[in-house]
Every structure is written in C-alpha cells, then in structure tokens.
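Encoded as structure tokens, the following chain is the form predicted alone, with no partner shown.
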C-alpha cells in the first residue's frame, strides 16, 4: 500500500513481544523499509528481545539493526542515531514509541512519588526530545526531507484520574509535535503524533495491577478495562497494535506529505477530535 523501499526507519521501544513498537517496525518492513530497532539492553521472556524483532524483519526480506540505548541519555541517543546512519548510510523515519512502564505513577496526585513522576516525564517527553533532536539534525544535513512520528495517547488530549503523570507527558508530546512541525517544515520534514486509546498489549497487565481497586483482582480489572474500551468505541471493538501500525505506515509514506503538526486519534470513534 505504501512504498517505503530504500527508506531507513528507527523505531524506539521495539522489543516487546506483543508491543506497539514491534508491530510498527514489522509494518514498516512490510512496506520495504530497512529498520533500526531500539530498546534497553535487557530482555526477558515476557518482553522479548531486539534479536527476535530483527529476525522477523529479516524474514520479511529487509535489513535490521538492533540498537540498544536508553532514550533518556543524550550520549546514548546520539550514538544510536550515528550507528544507524553508519550502518545504513542514511535515516529517513523516526518513530518515538519508547514509553515508561505503567506502575507507581498510576495513583492520585496526592500519593504520587516524585521519582515516579520523573520517570514518566524522562522517558515519554525527554526521550522523544532527544531522539527527535538527533534525527532532525541528521535529516536536515541529508537535505531530502523525512518523517518524525510521535506516539502520544488519547490521554494526551483529555485528563484521566490517576493518570496525571502519564497525561502530562502525552499532552507534552502533542505540544512538542506542533512546535517541531513548525521548525522543520521548511526542511520538508513532517512531524505528527498518533493518539491511541487502550490497545491490546501486555501493558494492560501492568495497568490492571496498578489500578485494580481493593478487593478486585488484577485479572478482573483487566477484563473490565477491556470491556469499557469496547463499549466506548463506535466501531465496537478494542484497538489492536495493527491499527496503530497502519497509521504509522501511512504517516511514514509519501501519502502524508501535506500533513504535519497533527495529533491523530486512533480510537475507533471513542474520541472524535
């Protein structure tokens, strides 16, 4: 559908077995892109590994480079982007997908620890800033345009109780997207954000454990979250990683050349802004 042949994309936070980053990386590979896939330098049986992702990309006939880096540390981000360019000779697309794990931040503000707040802002906001800055510099130097896609959230448009740190970070990503779109437009670099609702990934388990009321098991609360998401969606189902990956593929392609500075809701009609 979207021809990304010859393009090089960097997707952060891509190791998770059923995660959004992996789905986006594989979708871009299906369109012909070569991939640098990033995550922290650790793996477990639940999260998966970058080597797994790279193998899946190669099975699709594309080149893949695992690049381990902490997106909150500038030196590591700079090395990640430099290694990507050294390996592929260029970079064309950045998907800022890395996100802080749901956990201690999902409490009322009066109970929110400073360290939990800082972790969310560092990963979700500072990470997007550092990666965008490094890639934007490279795209400007190349002089051939490019795409930056930020993963925000519907919670970046409307506040939610017990999500204060997360909402703040995702509102910030939307504002950052608009500002950067203004700055990079003259270089033919499009900057857009995707704002999903609840997605069927392993993060639901983390959220359910953090948010389950006293006396309600995480499993029961997980099911209640899923049912609520389905009931709110006009299209009658919960979002999948494939839905978000499809939007990322569109925004990465030439078909979105005249779109920039947008925060696009992918919620099945649960939100229509």
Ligand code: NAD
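Numbering follows the first chain given and starts at 1. Just so it is clear, the structure is predicted and the values come from calculations on it, not from any experiment.
What comes next is about the form predicted in complex with this ligand, which does not appear here.
Residue 69 belongs to the set of residues with a heavy atom inside 4.5 Å of this ligand in the predicted bound form. In the predicted bound form, none of the heavy atoms of residue 190 sits within 4.5 Å of a heavy atom of this ligand. Looking at residue 183, you'd find every heavy atom of it more than 4.5 angstroms from this ligand in the predicted bound form. When contacts are judged by a 4.5 Å heavy atom cut-off, residue 132 does not count as touching this ligand in the predicted bound form.
Taking the partner from elsewhere, every residue among 13, 20 and 198 has a non-hydrogen atom within 4.5 angstroms of this ligand in the predicted bound form. With this ligand omitted here, the record of contacts in the predicted bound form names 152-160 of 152-160, 84-92, 134-142, 110-118, defined by a heavy atom within 4.5 Å.
Contact residues in stretch 81-99 (any heavy atom within 4.5 Å of this ligand, taken in the predicted bound form) are 97, 98, 99.
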